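The data below hold one chain only, encoded as structure tokens and taken in the form predicted alone.
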């Protein structure tokens, strides 16, 4: 039988974010001896590591042992049974972007298993799933936190929740929500100098690891739309899905259906003139073009796409792959509350997850 002051941790996903989280978890377990953290389950899509008596797995060698494990992952209903039967409280850490795992959140929460995750699919999927997740949490008392689903480790969601929960009136949210898009436009249309050709910058961003393996997964705007959906819902707008409002895609129509990301990159230079025209039009007004998302709470309008900004605007002055999110509220008046910093990367995303875990531990142990 586990000690009362012990909390079990189960982890789904051991890729980039998962590995960073595991090393942060190891440090956390040493730094905060109570409650004692015990890793009871870890899996990838193909392998798993766990025991029927919930023996704690070593944080240090979990990944190595997992790679040589012959155990298959439990299917989600069986995993819910396993975690719900644990002799202590359990926090499930979902480090994937899996839709299947996201759709099972109400099941886990309903069985008393708390969840922390960077998975955007759970909170930007159907509005019904959003409602089911928070209803299951409220009925069982299990906690759910997802800071890293918007802005990696930046305190975007916690700030918005604090504004709303303390009775401030959020009127507008605007910003650059994609590290990829930030990097692309800061190098394509810099505030000083001329910048490179659009196709060259996209290729460079892919080589540096800023884009998805197929850059179209960034350029279609859906990643930003998912983040906007989450924030709009937290601000009180019942947005149905990331496709229920205008989202501008930067993929030329002719290249939407090409077979691969590599073929897309090969053919993209033929369409540079389109983006060049957009950039030049902004320059003629003394402005730069940026890819932004905005939520106008009063008019209930949400949109994602290209906008022009004065060179002095904080959004124009971003550097590298930083994100910037501005909250306009009744209390803050005409000067918004601004959050800015690295909005992508394994370490900062895992930091958001670890920070959420600390919040959950303070509430359940």
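Because the structure is a prediction, the values reported are computed rather than measured. Numbering follows the first chain given and starts at 1.
The same protein also exists as the form predicted in complex with a further copy of the same chain; that form is not shown, yet it is the one meant from here on.
**Q** Which of these residues, 215, 221, 153, 106, gets a heavy atom within 4.5 Å of a further copy of the same chain in the model of the complex?
**A** Partner contact (heavy atom, 4.5 Å) among the options: 153.
**Q** Any chance all of 320, 336 and 358 sit within 4.5 Å of a further copy of the same chain in the model of the complex, going by non-hydrogen atoms?
**A** Yes, because 320, 336 and 358 each have a heavy atom that approaches a further copy of the same chain to within 4.5 Å in the model of the complex.
**Q** Applying a 4.5 Å heavy atom distance criterion, does residue 16 contact a further copy of the same chain in the model of the complex?
**A** Result no; residue 16 lies far from a further copy of the same chain in the model of the complex.
**Q** So in the model of the complex, does any heavy atom of residue 340 sit within 4.5 Å of a further copy of the same chain?
**A** Although a further copy of the same chain is absent here, residue 340 would touch it in the model of the complex, with heavy atoms inside 4.5 Å.
**Q** Is it the case that residue 207, even though its partner is missing from this view, gets within 4.5 Å of a further copy of the same chain in the model of the complex, heavy atoms only?
**A** Because no heavy atom of residue 207 falls inside 4.5 Å of a further copy of the same chain in the model of the complex, the answer is no.
**Q** Evaluate residue 237 for contact with a further copy of the same chain in the model of the complex, applying a 4.5 angstroms cut-off between non-hydrogen atoms, and reply yes or no.
**A** Because no heavy atom of residue 237 falls inside 4.5 Å of a further copy of the same chain in the model of the complex, the answer is no.
**Q** Which of these stretches, 165-173, 278-286, 70-78, 108-116, has heavy atoms within 4.5 Å of a further copy of the same chain in the model of the complex?
**A** Heavy-atom contact with the partner occurs in 165-173.
**Q** Could you run down 17-52 and flag each residue that has a heavy atom within 4.5 Å of a further copy of the same chain in the model of the complex?
**A** Counting only heavy atoms within 4.5 Å of a further copy of the same chain in the model of the complex, the contacting residues of 17-52 are 24, 28, 31, 32.
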